Each structure stands twice: as structure tokens, then as C-alpha cells.
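Provided below as C-alpha cells are two forms of one protein chain, presented individually as structure 1 and structure 2.
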Structure 1
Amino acid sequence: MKTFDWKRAAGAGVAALAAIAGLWLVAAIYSAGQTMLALGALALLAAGLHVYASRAAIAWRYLFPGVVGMLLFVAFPLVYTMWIGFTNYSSTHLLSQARVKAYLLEQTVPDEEHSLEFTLHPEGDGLRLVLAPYDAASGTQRFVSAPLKLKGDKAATAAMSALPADLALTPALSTRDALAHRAALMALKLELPDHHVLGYAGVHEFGPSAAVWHENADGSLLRLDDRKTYWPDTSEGFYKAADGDRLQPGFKVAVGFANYARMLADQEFRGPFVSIFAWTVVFAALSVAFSLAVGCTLAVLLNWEGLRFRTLYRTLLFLPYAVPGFISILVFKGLFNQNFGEINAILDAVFGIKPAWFADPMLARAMMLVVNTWLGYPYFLVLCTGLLKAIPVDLYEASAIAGARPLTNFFRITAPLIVKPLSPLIISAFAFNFNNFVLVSLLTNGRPDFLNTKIPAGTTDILVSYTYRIAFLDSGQNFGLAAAISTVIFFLVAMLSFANLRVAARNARK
């Protein structure tokens, strides 16, 4: 007689619960209108159930979480960003065409010609609402509701009936007392006996709402007050009239390579973009060069056995790397202040000058390089110190016997032996500085700006900070253009990473 396998049953139960929860999530994503995301989630769910329920895929049980994480947090954001780069997605084109059309068709205006005056009459612990025409010429029919509890602002509907002639009403509330119930009245809908629905239309009236737009059979929208027709323009993402008038908001459309072409074809955009791209490369290269030069020089000096207090010097010189970068950047921002900074105070006292570090583009860029060198040299100091320890001392002893000087030792022994191990790290440092958003954001925020540009751009901006300004700050939140630039940055950094791997592999073979 076979015993019941509780372990296997528990596993099957967990798998069933996971499948039910996953299917519910897929259904929720699909109901939100995200068909492709729902299909992707369904594929991941099916793959997960197969991996953890099948004995044939047991080897994948350890790899599957990592693969899913890579797909969700690396591949999906990358693909989604690239897709946005082929659209006109921006602050004026946030919605889909269907959602924009629904938004316009939902617009209504009060129908003042058919509005009715209302009064509130206390009865018990509630209030009766009475509707009546403004004047006798409009008719004498009046309507009354059952006692209502007008509290809060939750949506509610009240049925109105003809006012009986024998119904005794208490005195109506004053305008001031009626306004105390304004929030509840604004959320209240009144249904007349003929099934017409009235909404709050003013301090003293309820009335029906008239539609602003009508959808034609060809998909165009007709504005009812002036009979003006607007057609969807899928090239620009707006509903447009024959005279060029456009409706807000716009809608998202695919624009192909328009965002990428704009980087090269639009003269007013191309000038700042090319300048920022060139400065990004120069900034990253000079930051690495200066940091490497300072760090390597200090490492060689501190490697001198006869130097007293070497450990103390090494500790002090490493401190900039131990202090959080944002603190150092803000400290330097205060030191370089034109009017109150210590640097200008010293320059004014010695040379009688007070440079405008944040107003002059060249000085601002020089300031960025100084600050970034201060932040970056400890990294190379540590690296070079470790690499120097690996160089055999016999080489320097033989060089000393031959009468070589320190510079000869550095260029003939030290530099050739440390340059190969440093090469991948130099490329990594270049890639890091290529996207050094924190320094630009905290120190200069990209300023001073270029003049006469369509999209605000700063002379100290690098590509990543320029992209951030386009997407989120003072450039109309052009997410499509920002995504296109981000894609370019990704491929540039990917090329640097590939070069890094090739250099590391070549050095390993040697």
C-alpha cells in the first residue's frame, strides 16, 4: 500500500496557488490595456511553472531568478526606452489617441436654458430639495426629493417626483446655509420623472449638461457650438482643424527616426548637442587623465621607503575617497562662490581678481575638472599603490646600479608594468565619468546656458544631465527625444564596456 506523499502534495498546492496568483496578475495587466506586458508576464509565468514543476528543467531552478531579474530590470527598461525614442512622447503627448478622444467627448457644459432653481427645506434630520422654474413663463411644474442627508462629497443620485399640492414645506434655507452643503450638492445627481438627469450648475440651480463635442462617422470631432471639425493628425499627434488649429492634449504617435534625425538635421538643436557631446568626451578623458596623473604620482612618492610618516600621508590623501561625494561637491561649490568663497577671497587678496567661476563657461568647465580630479585621484592612488607593490624590487636595484634617475625608473620600469593592469580600470573610469550626473547636477546644474536655443542646454552639461533636463526640467518634458539620446548613450557605454572586456581578455592571455 502506497503512503500519501505529503511533500509532493504541498509542492503541487504551492504551484497551484502561484499559478492562480500569476494568472490574476496577468488578467489585471491585460485589463489595464497593456496587452504586450500581459503576454510577457504570461510567458514568464509559464516558464516559471515549467522550471519548478518539471524534473527535466531542474538545472534552471538556480538560474531562473537571475534570468528573470535581468529581463525585468535590464532588458525591459532598455527596450522600453528605445521604443519611447521612436515616439513623440512628451508632456503634450502623454495619452493615447483613444484616451484623448474619450477625454474630449466627455467634456460637457451646463445647459443654462433648461436649468431649474433649487431650494433646500429642512425635514427631520434631512433636507428636501425642491426644483422650480425661474419664472412662471417657463411653466409651473415643480419637483421634490425625499429627505436627503447631504454630507460629504461622495457621488449620489436622488429621484425627483412632482411636488404634491398638499405637501407642507418648511421655510427654505438661506443662501449662506445652503452653501454649507455645496460639496454634497456638487456630487449629487437629480433624476426627473422623464429620466433626464440634472447636475449642480451654480449657487441656486441644477441643470442638464450639454456635450461639447460630437464624433463623426469618419473619426473626426465636431465642436457643437461653432460647428468646427477637427481631424486626427497621426504625423504630429494632435486633432487639427483645416485652418491648422490644434486641440490639447495631444496623443502619442510613432515618429520613426525623427528624434535621431533631429540630433543631426536640426541646426538649432545640433549645435548645442554636438558641443555637449564633445565636452562630455573631453570631460571624461581629462578627468581620468588628471586623476590618474595625480594618483599615480602620489602613489610613487608614497612608495619611497625613506619617506617618514608614509602611512599618515597615505591616510590623509585617501580621505577624499572616504567622504561622500555629494558633500565634497557642495563644499567646493561654496569654496568657488564668486562673492563669498574662500578661493576668490585668496585670489582677490593676492592678485586682485575675483573670477566668475559659475558665469564664465571656460572657468566653469575648469572648476568641474578640478573638483572631479579631487574626487577621482584617491581611486587611482589605491590602485597604483597595490600595483607598485607587485613590481619586483630587484628591478629598481639593478636600475640604481646602472645609475638611472627616478624619471627613468618610472618611464622604463613602473609605467610599462602597471599600464596593462590599469587599462580596463581606466576604461571603466572613463565610462563612469561619461555619465557623471551627480557632479554636474550639484555643482553647476549645467549652467551657464547656451543662448538662442530651442531647448535649454548648458555649457557644462554632459549628455546624461542634458538628457535629464530634456526629460524632466525646463525643456517641455520631451521624453521621446530624451529616450533617443539615452539610447545613444547606452550604445556608447556598451562600446566602452566591450572595449574594456577585450582589453582585459588580451591582458589575461599575455
Structure 2
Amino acid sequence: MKTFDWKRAAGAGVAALAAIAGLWLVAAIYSAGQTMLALGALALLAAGLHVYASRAAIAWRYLFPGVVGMLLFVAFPLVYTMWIGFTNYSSTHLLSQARVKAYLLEQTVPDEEHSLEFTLHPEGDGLRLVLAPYDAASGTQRFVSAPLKLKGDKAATAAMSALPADLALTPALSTRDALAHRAALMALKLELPDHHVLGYAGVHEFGPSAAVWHENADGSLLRLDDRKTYWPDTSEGFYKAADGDRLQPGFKVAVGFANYARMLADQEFRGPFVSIFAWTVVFAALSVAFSLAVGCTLAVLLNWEGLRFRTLYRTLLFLPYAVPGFISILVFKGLFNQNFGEINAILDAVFGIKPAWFADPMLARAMMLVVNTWLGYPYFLVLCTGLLKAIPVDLYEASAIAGARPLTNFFRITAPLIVKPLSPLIISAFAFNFNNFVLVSLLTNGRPDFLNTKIPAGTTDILVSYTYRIAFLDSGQNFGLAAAISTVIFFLVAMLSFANLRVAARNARK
């Protein structure tokens, strides 16, 4: 069939184009010195081409995008986080050793001995730049450029030629007028006839620039002005001299368990870390307990047929769940504000008190629990309502014949029957609140802070928000330490998930 062939040709064309684009990207990554990354990209490209070009892997044509998405943006970040946890990656150790070395070797200082004095001479609508030695001892050769238009600060190079004896120069600009062109002059490079390149070196001079560092054969760096040698120290991630002097910036190196050792051994760090850990557990447990209590009570109450307007109640009580979390949390932040908030306005009017919700640690924690219960109970309301519907009505009929009261009904019939299907959901709710970053970040941002801690830590911080703070906010962006704490959280979450699956499996068996 003709159309079929045409389609195949088009497919082959698309595949070829994709392959070329992919290979170009891999080459770009490889030439930037990221060998591992380039290999990974190449493997991905090869897998993709294999899946879509060969006829063997039909199922994978459907699976590929979803699975690659999961691998790249869920699985890989987990593994990569664990790896970062074993490095000193931070704002002082941001680059790889190769990049730090390249950065240092690119540093230059102006070479004053070989500098030439410059003057600017207007000609037409341009300026001629003339270079002359400072004194006769360093030669008499003068150079001149073509009339230049000194505008903006774009990098440019001007060729200099020997000053002809018959060239009539206009009077030179005064220093003040010359200074007006400073930005353009700083971006200007001058190339002498012998191909030496001079750069702007001061208000009056252009000069060659000299490298600050020289790389020795053994990989150490020699500072040329004081002949001091710095060796790379791959355990600390610095270039270090024999006397212990360190060069900034440091580079990224593996530090083994140093970050973990800090969590356990560093006195000043361990204090806040342990209290944040404890609060995380308490917060997650109490959040689930309160939400469950409120949600289940409401579900039981709304399941009672003697009550009217039940659908209306249920719809309105579900509302907190429907409002986007980032908005309701911020609304609470405003309502609880000590001076301008409506909650304190009411408390002040009724009881004459104005609690400092954001400054007192215990009040801040209480506020977090109140807000989280508000956010969380509709979830349990919905779950419990569903589970209550599954309880056979004749159980309650039998208990009514026996003369049981509502509380007895709840604790003897309802609770035992819903607790089992609820338990895996309770565990996942606990895991969710254990990592409830959005609440902490938007409500209190971890504040009020502990006093006297080396790394800022908040009394309402939970582990994830603390990690976020270490990595992205204050205290020197210590990615390595943050990643190590994240790894600890991974294992806790993994344990919770495992418990969850076990409980769910046990429920399914029975």
C-alpha cells in the first residue's frame, strides 16, 4: 500500500530527527564535562529510540513516557538526594573541583609593569585612542586606533597600529571627559601589532593582564605573586596551602557520614534536631487524632436518621476540604495575627486577652493543631460516612432490643467495625502530616525560632520544613545536611508505607 510506505518513511524521518537532536544534546552535555550525565542522557535516548523504532517492544511504546517520567522525577531525585547527603554540597561548596580550578585559573590581575598610558582624541564623531609609554625608559613606540565610537558596554576589540609621524591629533580629552567613557573602555580590548592584547587597567592606562594562578603538573595551584602552593584537599573540599590556608570557593566532595555524624554527635545541632523530631511525631499524631475524632463524631451524628437537614450539614461541613489549602492556611495566618487578626479582636472583646499566637511556642503549636484539624476533619468525615454505610443495620436493631444507649452502640458496634478498614488510611494520614510542609511553611514558617542555635531552627518546624530551611533559606544553603535529613525521613516514610501495606494486606486476608 502506498500510504503505508509514506507513513513509515515519515516515522523514520521523525525518529532520525529525534536521534539527531538527542545526540546533539548529549554532545553538548559531554563537552561541558558532565560525563555521567551525558551517559545517562545517551542511555535514555537509546532506550527511547529502541522502544519506538523496533517492533519488539510494543507494550513499552505505551509505557515509556509514564515510566520515564516516574524514573526521572520521582525515583532519581530520591536516589540523588541520598547521594547528596553524603557530600558537602552547599553554598560554599557549590561547584565541582574541575569547575573551581577553571574558575581560579581564569582569574587575572593587571600587569602594571607593561601598562601603557592612553589618551582620547576626538576625530569626527569618534575618538582615536592613543597609547604611549609612561617614560622614555620603557620605549618610545606609540600606537593609535581608528576613530572609535565608544558607546554602551559591549565587549569589543580594536586593532592598534603604530602612530604615523604625519597624523595630526586633536588635543586629548581631559580626565573628566575621558571618565565619561569608562564603561565602554572597560569592555574594550586593544590588540597591538604584535598580537598582545591589552585591557583597561586604570583611569589612565591600558595593560596586559597576568594570570594569578599557575597549575603545577601534580594538580596543585601556584599563586604567582607570592609563590604559595595550594593542594586540593579532597576530604574537606578546599584548595589548601601547607599552612592550612584555604581558598574560596570550596568544591563538592564526598564526605562519607559526616552529615549523619553531625545529627547524632554535634551537641549544638542535636538539641534542636531532637526537639523538632519529637514535635513532628506529636504534631502528626495529634493532627490525625483530632481530625479523626471530629470527623468520625460528625459522621456518626449525620448518620442518625432522626436528624433533619443532614445533606445540608454534610455539604457545608465538607467545605474546608474544597478550599485550596494554600488559601485557607493563609486566611488563618491573617485571622490569628496578634494585632490585626479577627480572632484576637473577638478574644479581646469577650475576654480582654490578646494571645501572641506567632511569638509564643506553645500557642503557635496549638494554633497549628487547630488549623490542621480544621483542614483535616472533612477527610475523615467522608471516610467514616462511607464505612458507616457498610455496617449492617440489624446489628443496631439487635442492640436497640437489648436497650443499648447511643454511646454503647458507638463503642461496642461502630468503632470496632470501622477501625480495621480505617487503620491503613490512618497510617497514610499520619505519613501525610509527618511531611505536611505546606502548613508549616505558609502558617508559621517554623517560627518562633529556638534561641542560641547555630543553624536557625523553629519551635514549630517539622522535619521537612527544617530541611527546607537548611537547604533554601538561611544558614548558608547546606544542601548536603538537608539531603541527609531527607534521607532519614525517607526511611521513616518507607517504614510507614510498609506498615500501611501490612495492615491493608492483613485486612484483605481476613
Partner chain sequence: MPIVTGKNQRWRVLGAHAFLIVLLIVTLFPLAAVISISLRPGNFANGSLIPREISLEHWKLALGFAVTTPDGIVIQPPFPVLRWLWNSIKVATIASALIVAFSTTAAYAFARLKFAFKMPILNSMLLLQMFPPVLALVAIYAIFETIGNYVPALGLETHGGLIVAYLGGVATHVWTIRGYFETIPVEIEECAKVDGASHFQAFFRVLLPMAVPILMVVFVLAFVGTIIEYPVASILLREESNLTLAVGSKYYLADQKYLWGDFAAAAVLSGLPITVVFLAAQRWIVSGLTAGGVKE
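Rigid core: the largest C-alpha set superposing within 1.5 Å between the two forms. Model, not experiment: these values are computed from the prediction. Each residue is numbered by where it sits in the sequence of structure 1, with counting from 1.
The form predicted together with its partner chain corresponds to structure 2; structure 1 is the other form. With the core held fixed, the Cα of Arg270 is displaced between the two structures by less than 2 Å. With the core held fixed, the Cα of Asn436 is displaced between the two structures by less than 2 Å.
In the core-superposed comparison between the two structures, the C-alpha atom of Phe380 has shifted by less than 2 angstroms. Taking the rigid core as reference, the CA displacement of Gly124 between the two structures comes to 8.9 Å. Comparing between the two structures on a rigid core frame, one finds that Gly152 has its C-alpha moved by 7.0 Å.
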